[in-house]
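Quick heads-up: the structure tokens below are two forms of one chain, split into structure 1 and structure 2.
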Structure 1
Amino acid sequence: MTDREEKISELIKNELNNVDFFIAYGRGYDPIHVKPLFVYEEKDLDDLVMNIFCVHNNASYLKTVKDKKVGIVVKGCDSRAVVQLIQEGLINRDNLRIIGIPCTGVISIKKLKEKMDISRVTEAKVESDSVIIKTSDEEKRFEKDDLLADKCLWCQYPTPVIYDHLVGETIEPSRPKELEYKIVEEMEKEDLNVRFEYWNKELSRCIRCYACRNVCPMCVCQDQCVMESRNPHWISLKSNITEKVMIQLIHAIHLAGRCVSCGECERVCPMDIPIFKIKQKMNQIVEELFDYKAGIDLEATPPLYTFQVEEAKIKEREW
């Protein structure tokens, strides 16, 4: 256990009695796979870890434990989801004990998978700016920045925006802000039918497992979602391309002005479909039109659930 992990365990221990359970990070089936750890009693803390592989957004679980008293360990991006849930009144701040972890970035397993065979990882450690991965038959060293998840390369909120306890010093954002929408701009360089074919091809792999919806912290109506419902009957259960495109549009439109760019939807997709940039495009539009970022201000209202009589940036079309 690193001393940061010690500190977290300590904090969880004293908070345990005023919560039903604590959501932190625990050991997975191999060193590079971490799993969300639900701490009910002290002995669960043995599995606790806090390292560069703790990529999950624990806020994903808050929607399913609405009426319970919950403790949660959050990084910067995760904390924005907590703020957004509180801001929309979907969870009660008093039921929450939050431990904030200033974060310098987490690893994207997909990026690592492309660089080496990770089926037999025995050890993984971080030394200053490089990451060493040992497997049964090879050892490789990588530049940390090459493995970081995309969202970390333009992270503007390394320090959690909401917490009861902060483990370690606050970190000032150092990453270039304009990188955030670079992937969107690149996509928009292609012309229209190239993009049309691109999404036909990528989304054809979708198996409608709804992992992207269930992991999304903002999708509070997952069990009654219109992606699968017969009433209202927006789409059928078929797996043809129009239904799969509609699923992404439903998610993007329902997230407009609410998505906190935690990137989980793309991470969890078993068929590796690049759907996060869809939500990024939506965030870019909301930022352009309403100069608003989700999950920052506890008092704000998501832009699409309010209005201005005179809209500064929306011009009426002339006929």
Structure 2
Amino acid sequence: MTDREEKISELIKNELNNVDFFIAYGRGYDPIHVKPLFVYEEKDLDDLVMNIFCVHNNASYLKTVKDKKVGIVVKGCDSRAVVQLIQEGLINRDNLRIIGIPCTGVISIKKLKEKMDISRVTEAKVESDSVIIKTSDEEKRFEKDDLLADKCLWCQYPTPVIYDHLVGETIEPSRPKELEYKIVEEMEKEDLNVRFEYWNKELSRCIRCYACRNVCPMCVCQDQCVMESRNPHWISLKSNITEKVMIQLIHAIHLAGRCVSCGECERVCPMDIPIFKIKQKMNQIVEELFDYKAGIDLEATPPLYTFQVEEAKIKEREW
């Protein structure tokens, strides 16, 4: 174990008597694939890891364990989901023990896959700003920034916004904030028909597996999900572009003022559909209208949880 992993392990051991279990990160089937690790007893910590391949937002599991006492290891973007869940009364802060991990970014496996064959990775390590990947046939070195998940390129919350224990020093944000909505702004420069065709093409690949919904930490009404409801019957099971577009638009609207930009929806998509762009546009609208970003301030009230006769930036009477 690294020094950081040793510290995390020790903290979890000390907290196990206070919680039913701990959610951390564990070794996957090779060095570049990490899996969620559920720690019930000390021996479970043998598989603990904490590195740049810990991409999952484990806060997604909290919505299913509301009445249990749970410990969790979080990065900055993960912690925003925890805050949002607490704000909405979906989990109880008193039932949580949070270990915060300052983060300089995680690796996108999809980006790495574009650069090399990752089917037989034997070793992966970080040296300064480089990532070295060894397979049974070759060794390659990459600049870390070339492999970072897109969300990391503009991250303003490298240090978790909520925690009981912090492992490591606080990291000040250094990424350019203006990059956050750059891809949305560039797309909006295109003709409306071009954008329409783009989304028709992208969403036509959707297989309606609902991985994007299932992984989302803020998709909390899965037992009554509109995508599967038959009473009322909002959406059919037809596999056509109309239904696929409707699914993603409903998903985005249900996340208005709630999406924490963790990017999990796009990461898990088996068809590589860039659906995070839709969420980013919704986030941009909410930030412009309400000066609000989800999961930042525990004391704040999400804008769609409030009502004002007239919003400062929505000039209804002028229409």
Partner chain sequence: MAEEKKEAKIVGFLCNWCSYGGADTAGVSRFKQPTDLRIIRVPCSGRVDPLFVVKALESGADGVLVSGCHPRDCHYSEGNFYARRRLEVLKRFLPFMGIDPNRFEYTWVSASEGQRWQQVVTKFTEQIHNLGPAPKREEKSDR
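We call the rigid core whatever largest set of C-alpha positions still superposes within 1.5 Å between the two forms. Please read all numbers here as calculations on a predicted model, not as lab measurements. Here, a residue number simply tells you its place in the sequence of structure 1, counted from 1.
J.: If I had to pick the form predicted in complex with the partner chain out of these two, would it be 1 or 2?
T.: Looking at both, the form predicted in complex with the partner chain is number 1.
J.: Rigid core fitted, is the C-alpha displacement of residue 14 between structures 1 and 2 2 Å or more?
T.: It does not reach a 2 Å shift.
J.: Relative to the superposed core, report the C-alpha shift of residue 307 between structures 1 and 2 in angstrom.
T.: Comparing the two forms, residue 307 shifts 2.9 Å at C-alpha.
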